Ligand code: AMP
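Below sits a lone chain in structure tokens, taken as the form predicted on its own.
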Amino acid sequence: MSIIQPARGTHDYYGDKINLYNRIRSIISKIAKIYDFKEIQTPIFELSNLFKKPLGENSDVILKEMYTFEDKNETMLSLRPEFTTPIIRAAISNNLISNLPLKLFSFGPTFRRERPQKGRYRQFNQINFEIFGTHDPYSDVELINLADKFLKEIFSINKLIEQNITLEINSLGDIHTIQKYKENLTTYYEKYKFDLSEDSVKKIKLNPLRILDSKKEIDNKINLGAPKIKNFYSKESHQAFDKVQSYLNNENISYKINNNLVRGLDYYCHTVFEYKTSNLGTQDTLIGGGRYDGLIKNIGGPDVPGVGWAGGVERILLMLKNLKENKAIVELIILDDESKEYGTKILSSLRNKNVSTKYSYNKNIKKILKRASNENINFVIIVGENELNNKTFVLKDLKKEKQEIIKIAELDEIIKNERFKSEN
């Protein structure tokens, strides 16, 4: 009988992976509160038209990657391929944009039908932060600052220090800058239409900006000689980007300017940025985002500006794949049936005081100690006939490799003094 496998491009969460996933979720919620962002959750499917114009009708997302289906009433629905447009739709639908600036975040699954590869799945999880209602360049930097704080905190767990992460920034300027730049790019790439990759040749007329984002070596060589967008900035665009850089310098956030950084969706303008790593090959972006003034009006809301970023949970998990989270801090071993009620009373006392405790119903002490050590459990409590009669328990510290006999009356004091606190 063949084993039923998950659908291609999807994966299950369990064990260390779900623990780390929940750790990311917890850190995001904590940082969102510090930066005064409110959580919002949108449905995993929306009306298909919500995505077509904002994302670009000629974009890869719309042409190739959206999961779209017809409902029974002939309505076309799509699984959300990203979060920004659904969050804007929700803000408009629920009249949240009447009180600006509005700061929202979300966390959950998104869907794109693309070729599965390392760090890229068909169902994947994203973290999203958005600010609606301000042109102030500091709002761009506030979001970068938040992303910086999150990455530093998540990669500090279990003493993981060196991750080779770099912040790259660019400015696409205003709509006039982008239009003029596209015209010049089209002229430039027309000279190389017999040398570019097949995909890039198609983009010369549709959106030449996307050629700059190509991962193919043949395109990247040609991109080296492409016009630079900084030469097309309006005075206002130049000033806004200078302010972003000044604020980043003031907050001691390291960055480098990448003139070819454009992001993959049509709605971006002015500041764009990505946190990249050299540890994941071509799928190297952990967090990416930027400003999208005009998008909210495009979707049907008022003409207010916006800026935001998205982070890929699965790629972050790949960076953490060799880490182990504690499954429990204490494991209880009851050596015989006569001591069961005494032992389970200790178990309840620990759990009622919020001590993470494991009990596996196994009496084989040698086997349990070996597994507990492999699972990174800090302490083992052992009870048997002697402990029952003397109202004691054996406390074994697996990290310090020592044990002691403790009276049951001292258990509450040990818990109160945080003896059972993980060192990780």
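Note that residue numbering begins at 1 and tracks the sequence as displayed. None of these values were measured; they are calculated from a predicted model.
Missing here is the form predicted together with ligand AMP; even so, the following discussion is about that form.
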Is there a heavy atom of residue 301 no more than 4.5 Å from a heavy atom of ligand AMP in the predicted bound form?
-> no
Taking heavy atoms and a 4.5 Å cut-off, does residue 114 contact ligand AMP in the predicted bound form?
-> yes
Can any non-hydrogen atom of residue 330 be found within 4.5 angstroms of ligand AMP in the predicted bound form?
-> no
Is residue 86 one of the residues lying within 4.5 Å of ligand AMP in the predicted bound form, judged by heavy atom distances?
-> no
Residue stretch of 241 to 249, 86 to 94, 308 to 316, 188 to 196 approaching ligand AMP in the predicted bound form, non-hydrogen atom distance within 4.5 Å | 308 to 316
Answer yes or no: in the predicted bound form, does ligand AMP come within 4.5 Å of a heavy atom in every one of 21, 25 and 149?
-> no
Among 285, 207, 260, 184, which has at least one heavy atom within 4.5 Å of ligand AMP in the predicted bound form?
-> 285
Of these, 124, 255, 155, 232, which has a heavy atom no more than 4.5 Å from ligand AMP in the predicted bound form?
-> 124
